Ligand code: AMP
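Let's start with one chain on its own, the form predicted on its own, as structure tokens.
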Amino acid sequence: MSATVLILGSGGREHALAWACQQSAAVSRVVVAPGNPGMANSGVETAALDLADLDAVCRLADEAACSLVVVGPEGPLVQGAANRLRASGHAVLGPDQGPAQLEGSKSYAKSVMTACAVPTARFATVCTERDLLAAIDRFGGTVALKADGLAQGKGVLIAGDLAEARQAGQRWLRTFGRLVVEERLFGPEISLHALVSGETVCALPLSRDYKRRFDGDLGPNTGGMGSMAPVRCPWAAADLADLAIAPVARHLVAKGHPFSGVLYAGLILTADGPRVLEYNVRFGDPETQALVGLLSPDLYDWLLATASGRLASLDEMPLVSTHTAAVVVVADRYPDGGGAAQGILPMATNHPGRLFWSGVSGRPDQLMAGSGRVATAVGIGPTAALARTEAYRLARSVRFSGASFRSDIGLGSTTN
């Protein structure tokens, strides 16, 4: 029986997931809603949709007779999209609204980590200037400030000293109303994705996300400037999942809110061992663009099994024996934004890597680049060095006025 997959979202992550599902012999149709015009270059069908309109989301899933709905971004999950779709009888890769608060609220995530004895940084949740300044002083001024709610990957600020922490903290408190103040931890960061269905956890290969805007991990945090997979780590992915994912999965089952979907732990490898920095309740972007090149062509079967509660019945996921590198091409003013859309010059299509589009408009044959992340160039190779070379070759083919990307993705490790 041929399957139809509906993927909700419009960015490079959703494009990569669509490409992965297209590799499955069981899938005959992939629809991305709302998608973007760049996706048509790889034969992906798109459908206009307002993701905030959950009635329209359910109607589209019904009309497409979907075998699986994959919710890409966090916003619809926090708003309850998975609840509504499951109530309509659909298999959904994505948690219900309750467990989605692991990403929707930093303070909730911290409370779950505390309840599960998951190792993390010392923290305080603050709503007043008095509590803010007291927390900053308690942690010695070198702190991480985090917006409590969703901030599109830009809600974290690392303060270098006491003066910066106080000044930035007061500004952020006025903006967001509620902050989590954490002691600053040091070490390389790593991304752990796992398929989770109730208490069953399947760890995916470890990846690394490069969040800072400029080379050398300088500049503001962004939604992500690149990724590498797999990455070397003293801890195996399964062991990290036992530490950071499995206790949370068991906790949520015990509370009557089992998790179904992808749970992503952002980890930092400190001198005292791994610590969890944050949870996301969906595939990461741009980690997904790197990961899909490593995963089995039957990834669809694993996603469907997760959504259908059959993950425990599958054997270990077979992996493709390669390395991948993902380089994000952005507008030069990103992440501050601004500037008019720029036309993208035609690019060569005969390449072994993959190009996944995000911030584009226009027509498939005449794309216009926006002011944010425009595309992710993915290189695949037998070594990390060859994958990186291919990714940069492809990234350089994405040409428009102000096109920019980091030149050091895959060189060394990234820290916070």
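The structure displayed is predicted, hence computed values, not measured ones. One rule holds for the numbers: they count along the sequence shown, beginning at 1.
Just so it is clear, the following notes concern the form predicted in complex with the ligand, a form of the same protein that is not shown.
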Checking a candidate spot here: are A121, K146 and K211 all in contact with the ligand in the model of the complex (at least one heavy atom each within 4.5 Å)? yes
Partner absent here, but in the model of the complex, which of 129-137, 272-280, 331-339, 197-205 has residues with a heavy atom within 4.5 Å of the ligand? 272-280
For D96, is any heavy atom within 4.5 Å of the ligand in the model of the complex, or not? no
I'd like to check something about R184: if you look in the model of the complex, is any of its heavy atoms closer than or equal to 4.5 Å to a heavy atom of the ligand? yes
Answer for K106 alone: is it within 4.5 Å of the ligand in the model of the complex, judged on heavy atom distances? yes
Wondering, does N221 line up within 4.5 Å of the ligand in the model of the complex on heavy atoms? yes
Report the residue, out of E164, D217, D301, E189, that has at least one non-hydrogen atom within 4.5 angstroms of the ligand in the model of the complex. E189
Select from the listed residues L243, L314, V231, V156 the one whose heavy atoms reach within 4.5 Å of the ligand in the model of the complex. V156
